[in-house]
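Only one chain is given next, in structure tokens, and it is the form predicted alone.
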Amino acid sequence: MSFTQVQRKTPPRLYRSKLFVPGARPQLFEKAAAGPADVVCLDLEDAVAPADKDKARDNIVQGLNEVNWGEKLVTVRINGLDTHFCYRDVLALVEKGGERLDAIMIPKVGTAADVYAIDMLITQASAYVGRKKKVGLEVIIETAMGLANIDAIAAASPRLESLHFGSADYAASQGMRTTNIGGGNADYVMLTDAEEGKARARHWNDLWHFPLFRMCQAARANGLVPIDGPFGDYSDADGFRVQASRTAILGCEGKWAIHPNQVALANEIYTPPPKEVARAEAILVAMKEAQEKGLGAVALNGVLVDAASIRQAQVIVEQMAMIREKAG
């Protein structure tokens, strides 16, 4: 292991599902607070029309102060730095939103300076009103510039907690010829070699693998939590399931839910399967016994496990402990 150790910026907590709720629809706040999502994100950006921005901001400030959010993580997605709504969003949330606000989400971050700018506003506003709780920052990587600068962005502020991937705006930024929000594209394929008398099979490729891999890598290298973004077709449960399963394997700890019916899917998929949990628990027991005998590695069901296996198993066991605690 390197002498330089990566410390997680936040305490371990559940982030399997992040339900987005438009700030212009305050009648949904109570339902979201009582629902099964691990995280609720009150949205001031894409889900709110320009004419409704000011009212939506007021709704969210009121909701932060009056709704019982229980143990949920509550975040707010502000408007982009290229709009005149942005600074007013930050000041209103920090100065008037009370102590219940956990984090502010910054959309379309392109450079580390974008994060610094919002950090500065939060710091000044927090000092002005004497906030007790630190407001965290979440960043959405959804432009080609943001992906190119992702390592600097991930190290830009001690307030940073998580990186998120937004496929739709990223596709537009890169000029990708697709209108899907997550999911595949029938034209992004490879053909098997031509063989006489046999049809050539078409194999779909993953449009989003590289940016998601880079996001997970940058997040983990800086102690942040990687979260997968939206899957647009909320009627396609199978498509959501496949997309989320891939990102869970890559290292994402959760996924956005842009519709309530995606919450249960996300909670299920980002909960370790019972088979993995049982194996992880068995690994920890086997390695403890091996260490007591002075051994550095041991065979478990015909497979070698060692110190690296312990680290993998601990992640799964700790996450499952939090899930069991939440379930009571």
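For clarity, every value in this text was computed on a predicted model and none was experimentally measured. From 1 onward, residues are counted along the sequence shown.
The following text describes the form predicted together with a small molecule, which does not appear among the structures shown.
- Proximity of Trp256 to the small molecule in the predicted complex falls within the 4.5 Å heavy atom cutoff.
- The closest heavy atom approach of Ala47 to the small molecule in the predicted complex falls within 4.5 Å.
- Proximity of Phe85 to the small molecule in the predicted complex: non-hydrogen atoms within 4.5 Å are absent; the residue sits far from the partner.
- For the chain shown alone, Arg13 is not a contact residue for the small molecule in the predicted complex, no non-hydrogen atom being within 4.5 angstroms.
- Judged by heavy atoms within 4.5 Å of the small molecule in the predicted complex, the contact stretch among the candidates 61 to 69, 267 to 275, 284 to 292, 30 to 38 is 30 to 38.
- Every member of the trio Leu19, Pro22 and Arg25 reaches the small molecule in the predicted complex with some non-hydrogen atom inside 4.5 Å.
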